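In structure tokens, one chain follows: the form predicted alone.
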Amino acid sequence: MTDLQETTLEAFYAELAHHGLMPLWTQRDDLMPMSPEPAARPTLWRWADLYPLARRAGELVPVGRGGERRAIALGNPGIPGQPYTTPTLWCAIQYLGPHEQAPAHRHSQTAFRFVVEGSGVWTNVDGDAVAMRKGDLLLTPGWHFHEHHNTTDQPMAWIDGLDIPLVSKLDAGFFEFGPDELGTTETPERSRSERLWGSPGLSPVAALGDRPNSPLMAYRWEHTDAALTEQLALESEGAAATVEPGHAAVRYTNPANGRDALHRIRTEMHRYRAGTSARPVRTVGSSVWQVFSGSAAVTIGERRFEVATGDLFVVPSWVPLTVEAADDLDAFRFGDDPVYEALGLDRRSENG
């Protein structure tokens, strides 16, 4: 290209920019990479660091109107300046002190809570008091009023998972304050949603219908544990009951339609026998894992982490994950899989 041609081309590009136009031929690799190039990085947060910081926040920061929740977000270093754990998922540790109350609000973002340790807090979802206990998954689907109250002399912490980044990117976020006073201070052993929907394999005919999110607000650890135990027991008896040898998994599902419990977030619990080395898997879409019990070595792309109870780690889109269980390992996973499946963008490889 001659100097004149180069000068003319530069002037043409400047004119395009003046009109808010950008030529495809100068950006094709950025617009259409050969495979996903996620901004999020494989990252580990240790429970031994998180919990003391959450406890310190409890000493320094009140909970109530304004801040609403004493939650500390896990910010991915690949997404600087944002409290996002992945480009689509938000994860935080929330801390509620003795006899504290977190006021009611609702939002279009869908949410859940998962408890690694402790009990004594009730989350009230649209007026239904739901006990929070170790190993439980508690749901707060989008646009449901929810509030929390601690009935004990002990603090409690758990993780929150929401699709805040996804809703933000779609310009679809709404938020509304509820009453300042608690809607209920009840502490029932079983919530109304559990009484109606919590009988395995049985759904109330009168309440069936188009429910994108599960009407069951609590998935109890005793049921999760029993299901995983039976999968591995059946595998030992020669049945094809597990994901792979030594690796059992369950998905939390909507009893009204059999799909994901939350229609924009997938939630699962995985159990690995000690010594199991799971095959490398990669999927389009990101996920966050929390170790519920046990320990393991996890390799995420080129990074290897030793993880133990309470630790959280991120698996970015299309980055392979390998799990090597040192002890019997239970690990909770949540991801954005339903969104990619709904858009026809899901993809999976079990060859690393």
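All residue numbers refer to positions in the sequence shown, first residue = 1. What you see is a predicted model, and the numbers here were worked out from it, not measured in a lab.
Here the subject shifts to the form predicted in complex with a small molecule, a form of this protein not shown in this document.
Open item on the list: Just to confirm the contact call: exactly one of 104 to 112, 263 to 271, 201 to 209, 183 to 191 touches the small molecule in the predicted complex at a 4.5 Å heavy atom cutoff, so which is it?
Closed with: Residues of 104 to 112 come within 4.5 Å of the partner.
Task: Partner contact for residue 138 in the predicted complex: the small molecule, 4.5 angstroms, heavy atom - done: Residue 138: no contact with the small molecule in the predicted complex.
Open item on the list: Please tell me whether any heavy atom belonging to residue 94 falls inside 4.5 Å of a heavy atom of the small molecule, as the geometry stands in the predicted complex.
Closed with: Because a heavy atom of residue 94 falls inside 4.5 Å of the small molecule in the predicted complex, the answer is yes.
- [ ] Tell me, yes or no, whether residue 166 is in contact with the small molecule in the predicted complex, where a contact means a heavy atom of each within 4.5 Å.
- [x] Output for residue 166 is no: heavy atoms all beyond 4.5 Å of the small molecule.
Open item on the list: Taking any heavy atom pair closer than or equal to 4.5 Å as contact, tell me whether residue 130 reaches the small molecule in the predicted complex.
Closed with: Contact check for residue 130: no, nothing within 4.5 Å of the small molecule in the predicted complex.
Task: Listed residue that, although the small molecule is not shown, lies within 4.5 Å of it in the predicted complex (heavy atoms), from 125, 162, 156, 218 - done: Contact with the small molecule in the predicted complex is made by 162 alone.
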